[in-house]
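One chain comes next, on its own, written as structure tokens: the form predicted on its own.
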């Protein structure tokens, strides 16, 4: 299928290599079952599942784009930048992601200590049971433990009561710089995309600054249609894609059948007036 004809691309999903619950192979099967026409696995700060995801997708006849979701600090907030269509073995990207992952264990131990002060003991050990890659222990793993331990009914309640700013278990982390993340992606041959911009707690001026600086660093895309966006945000970020001359991306941000806002391939299509990011990556798509 030509990239021009692709509608159901899902270019944002997570496996057990980071904080998802399914293997790369199971995700590929789920994507095919739900009619996805082009898929990308975008684990957090990690490319360790890329070859598995690509091989599984191609074996099922599903075109594939390499991907990753990189954590950056901008304006005091954690912002995520999705890289698409890069070489997952590029030394600069691999080393940059390794440095970004480096502080997660210490942060996790500090999160557990904060939860212990709130009367929740053993959270670090509990979270580790859900971690496929100990270098990538995250708030999501703690949330799954708190649900299993009966502290909260589900992960949504966890994030209302714990692990967010001002609540027990919250520990900030200094991630990569925006310019570094975009540079790693570009030097590895890919395109950088602002992930789910509607999730960040920015004022209008701060959001404008994010888009402006991202563009200055060579960023080229924005997620318009994603699992956490409302219909109004689909329209808003479509308008911002046009204003900043950015390519539009689409992805569910799928983590788990039980936890995710949207399943693979189940989101509305991009507005026809937008320029899909995958058309600019036609030569980087792995095809069966």
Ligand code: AMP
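Note that this is a predicted model, so its numbers are computed, not measured. Positions refer to the first chain, counted from 1.
The form predicted together with this ligand is left out here; the points below concern that form.
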(Q) Please determine whether residue 44 contacts this ligand in the predicted complex, using a 4.5 Å cut-off between heavy atoms. (A) yes
(Q) Can you tell me whether residue 107 touches this ligand? I mean in the predicted complex, with a 4.5 angstroms heavy atom cut-off. (A) yes
Q) Do residue 80 and this ligand share at least one heavy atom pair within 4.5 Å in the predicted complex? A) yes
Q. Is there a heavy atom of residue 220 no more than 4.5 Å from a heavy atom of this ligand in the predicted complex?
A. no
Q) Using a 4.5 Å cut on heavy atoms, which of 139, 101, 186, 145 is close to this ligand in the predicted complex? A) 139
Q) Since exactly one of 211, 130, 202, 175 fits, which has a heavy atom within 4.5 Å of this ligand in the predicted complex? A) 175
Q) Can you pick the stretch from 211-219, 112-120, 86-94, 155-163 whose heavy atoms fall within 4.5 Å of this ligand in the predicted complex? A) 155-163
Q. What residues in 1-36 sit within 4.5 Å of this ligand in the predicted complex, counting heavy atoms only?
A. 19
